[in-house]
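Just one chain follows, in the form predicted on its own, and it is written as C-alpha cells.
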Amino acid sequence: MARSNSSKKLSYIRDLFAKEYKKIEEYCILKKKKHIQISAEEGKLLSLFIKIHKVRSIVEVGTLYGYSSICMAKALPEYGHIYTIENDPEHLSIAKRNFSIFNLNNKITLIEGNALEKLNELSAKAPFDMIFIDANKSGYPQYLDWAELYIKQDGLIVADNTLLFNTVFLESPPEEVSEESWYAMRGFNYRLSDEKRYYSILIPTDEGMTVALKLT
C-alpha cells in the first residue's frame, strides 16, 4: 500500500506541476537508463531555483542526454546561457540531438571532455551564477573546489545523487558502493553544511539533492 501511494503521489505532483517536464522526458530519456536521470519534478525544481534567483549563467557537470540542461535552459532569461560538460561520445550525440529538437543551441554550449580540464578552461568566463553537478560521485569534492572559486558570492551550488543511493548516512560504506565515492560524498555534504560559508540543505528526493547558497 505504501509503495502504491508513493507512486500515486508522484503521479499527482508530476501531472499537476510538471506536465511540460514529463513531455521533455519522452525525448531525452532512454528507458534503460531512466533511473540515472533526474525526475520531472526535480527538473521543475531546478527551473524554480533559476527563476527565483534570477540566474543567467550556469555550468553543468554531467550532461547525460541533456534533460536537466533543457529544463534549466527553458527557465533562463533571453540572454542566459548554460555550459554543460560530458565525456561520453554516445551521450554527447544524443544530447546534441535533443538540444536541436528544442531549439536551444543558442542557450546551451555542449563541451566534450574531462570535467576538471574543461572546468579549468571555463574559469576564464567566471564568475557564474550557478553550478549543477550530476556526474561521477568521487569527483564531487573537486567540482566543489572549483565552484568555491568561480561561482559568484550568493550564487547557487546544486548537486544530485547526494544521498548516494541511500548509503551516505550509514556508519560505513556498504559493499555495493565504492569507498572512494562514499567518503567523497560525505565530505562534499559536510563541506556544504558549513553555515559560515553556505546557506544549504540536502533535500530528501529519491536520490538526494543538495542545494547551497554560497555566502562568501
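Predicted model, so just to flag it, every value in this text is computed and none were measured. All residue numbers are counted from 1 along the displayed sequence.
There is also a form predicted in complex with a small molecule; it is not shown, and the following applies to it.
Three-residue candidate spot 67, 88 and 114; every residue lies within 4.5 angstroms of the small molecule in the predicted bound form by at least one non-hydrogen atom. The partner is absent here; in the predicted bound form, the one residue of 50, 151, 59, 38 having a heavy atom within 4.5 Å of the small molecule is 38. With the partner removed from view, the residue among 110, 94, 135, 76 that has a non-hydrogen atom within 4.5 Å of the small molecule in the predicted bound form turns out to be 135.
Among heavy atoms of residue 63, some come within 4.5 Å of the small molecule in the predicted bound form. The small molecule is not drawn, but in the predicted bound form it has a heavy atom within 4.5 Å of residue 143.
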